[in-house]
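Same chain, two forms, each on its own as structure tokens: structure 1, then structure 2.
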Structure 1
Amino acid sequence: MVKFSLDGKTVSAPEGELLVYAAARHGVFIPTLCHDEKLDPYGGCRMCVVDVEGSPRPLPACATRVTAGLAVSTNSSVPQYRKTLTEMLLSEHLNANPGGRPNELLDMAEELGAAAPLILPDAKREPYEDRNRLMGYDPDACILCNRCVRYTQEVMQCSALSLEGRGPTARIVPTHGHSWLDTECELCGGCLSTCPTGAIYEKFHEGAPPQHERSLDQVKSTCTFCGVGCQIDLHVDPATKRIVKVTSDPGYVSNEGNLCVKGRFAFNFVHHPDRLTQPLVRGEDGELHPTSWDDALRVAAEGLRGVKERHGPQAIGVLASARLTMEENFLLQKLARTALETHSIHSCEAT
């Protein structure tokens, strides 16, 4: 731990900690836009600049590390810079709401009372075509913070997005401006999750009301699609009680806020009319009929016992679902080897 000064107060923090976190712990909130704790410090948007004694210019708190004796001030000219930078970003922010995702730039504008003094004549960016049905991207909502691209390079390693060009025509696009489907994208939605303005959004929410996501109830859950067990937040429409979208928080231990395409986008099954919600057993009439778990398990056990008695245990094979956890797989092989007495057990996860 080292001591440093923050707005005149002496405080302490681990040496090398990013200033933005150290300040937050001591009650000084420094706004950020291009920063994401999952990514390497970038220092592009300049929203987080603070005065540091001895430095000829303010420094970005998202990329400056605490050292002993650092003297930091967030008063003086810093608030005016924040407001000006917000005005600048607004002056090319043609679409603040492509898909109802939270927009941190608008939050900032509201808090600082900033508005665009002009709209840049070259604000309109070249659109592009995308054939996928999951993720949408509107270049006119993008503030070029480069978080999405850095996510693709530093976390997902898909590198399916790029910051194309230089000067006023620069824009973020799936590589070469192709559809996401024609890049190395796996539609994990990670770039979407880090986008601070909602420029990348769930396509099935195109045109949703502003900040739609914030009006939804959140239910914490676990993705059931595979054994990783990613922690997720189901966003539920309070009126219809239907899941509208899925997000995940960087603080969740098993997955640190990252998801794959299934956890992020494949939640429609929950409300599907064909989804089985209770056990079914085939009756004498050849049709499936709802029953209790006890009954269903009894019927299954009798059936398996019958096969074993008539044809011997090796007539039974067990195929484990890829969705089981390691512990569940362990129990299943126990059941197969000790109760069913068969060697034939396999998981579809094996290749």
Structure 2
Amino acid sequence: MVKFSLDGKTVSAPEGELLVYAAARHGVFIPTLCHDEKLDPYGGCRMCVVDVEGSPRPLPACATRVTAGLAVSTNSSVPQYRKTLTEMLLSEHLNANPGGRPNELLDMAEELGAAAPLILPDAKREPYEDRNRLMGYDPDACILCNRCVRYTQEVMQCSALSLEGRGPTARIVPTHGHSWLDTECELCGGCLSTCPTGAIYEKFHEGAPPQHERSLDQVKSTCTFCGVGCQIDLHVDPATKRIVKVTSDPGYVSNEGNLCVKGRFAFNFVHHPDRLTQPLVRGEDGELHPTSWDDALRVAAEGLRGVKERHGPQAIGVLASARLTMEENFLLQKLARTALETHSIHSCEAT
């Protein structure tokens, strides 16, 4: 731990800690746009600039590390720097509210009282059409913070996205201008989740009435697609009670906010009309009829007991699944070996 000065107060922090984190722990919020705690320090957007004694220019707090005796000021001329930088970004930000998606740039502009002084005549960027059905990209909403590109490289360890062009024509595209489907991209949506302005978005929202994401109810749940137990947030329309999108918080322990393509995009089965919502038991007429769980479990138990009595326990086989948790699979093999007395238990993922 070392001591340094923050806005005139002597505070302490671990030596080498990024200044943006050290300040936050002492109650001083420093806004950022290009920074993501999962990614290496970048210092590209300069929204987090602070005055450091002895430095000829303001330094980015997201890329400056704490050292003993550092003297930092966040409230001298810094707010004016941030307001000017915000106005510069807004002048190239033609689609500042894309489909109601959260936009950190607009939040910052509102907080600083900033507005675009003008719109650059050559600010409009060429749109990018892609044949994948999950993710789209709106270059006029993009501030070129590079968070999505860095996420694919540093977290997913692939080359799915890259920066194309220079100056006002620059935009983010799948590598070599291919479709997302023709790159190393797994369509996990991690680039979408780290985008601060909603420039990368869910394609299935195209054409829908704009609805601000923050107006949706948020329900924490567990992904159902495998046994890893990724924690997710279901965003539910309060009017229709339908799931609109799925996100995950970086603070969740099992997956740290990362999801696969199924966990992030494959949630429509919840509302599918063919989905079973109650147990069914086949009656004497040969048709399936709704029943209670108690009755369904009784019928299943009687059926298994009958097979065991007539043909022996080895006539019964049990299939486990990787979609279950480790604890559930343990209980399943215990049921097979102790109650059913069969060793014929197998995992469907092992073949």
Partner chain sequence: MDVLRLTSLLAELPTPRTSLLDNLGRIRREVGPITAELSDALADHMNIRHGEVHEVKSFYSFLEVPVDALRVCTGPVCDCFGARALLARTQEHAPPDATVLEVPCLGHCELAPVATRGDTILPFGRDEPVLHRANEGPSLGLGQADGTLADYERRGGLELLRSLPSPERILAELKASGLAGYGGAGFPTGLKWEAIAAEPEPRYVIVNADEGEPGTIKDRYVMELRPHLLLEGTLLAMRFARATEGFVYLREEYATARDRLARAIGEFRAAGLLDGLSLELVVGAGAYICGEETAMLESMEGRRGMPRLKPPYPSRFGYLGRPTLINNVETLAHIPAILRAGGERWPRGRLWSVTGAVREPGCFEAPLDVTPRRLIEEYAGGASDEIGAIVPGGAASGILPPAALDVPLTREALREWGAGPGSAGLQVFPRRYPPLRLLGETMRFFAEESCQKCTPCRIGNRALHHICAELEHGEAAMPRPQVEEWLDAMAATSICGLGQGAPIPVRNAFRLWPELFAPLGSA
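A quick note: this is a predicted structure, and the numbers were derived from the prediction, not measured. The term rigid core refers to the most C-alpha atoms you can superpose between the two forms while keeping them within 1.5 Å. FYI, numbering is relative to structure 1, first residue = 1.
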item: Of structures 1 and 2, the one that is the form predicted in complex with its partner chain; value: 1
item: Cα displacement of Q278 between structure 1 and structure 2 reaching 2 Å, rigid core superposed; value: no
item: Core fit, then E164 C-alpha moves 2 Å or more between structure 1 and structure 2; value: yes
item: Between structure 1 and structure 2, C-alpha offset at A115 (rigid core aligned, Å); value: 2.3
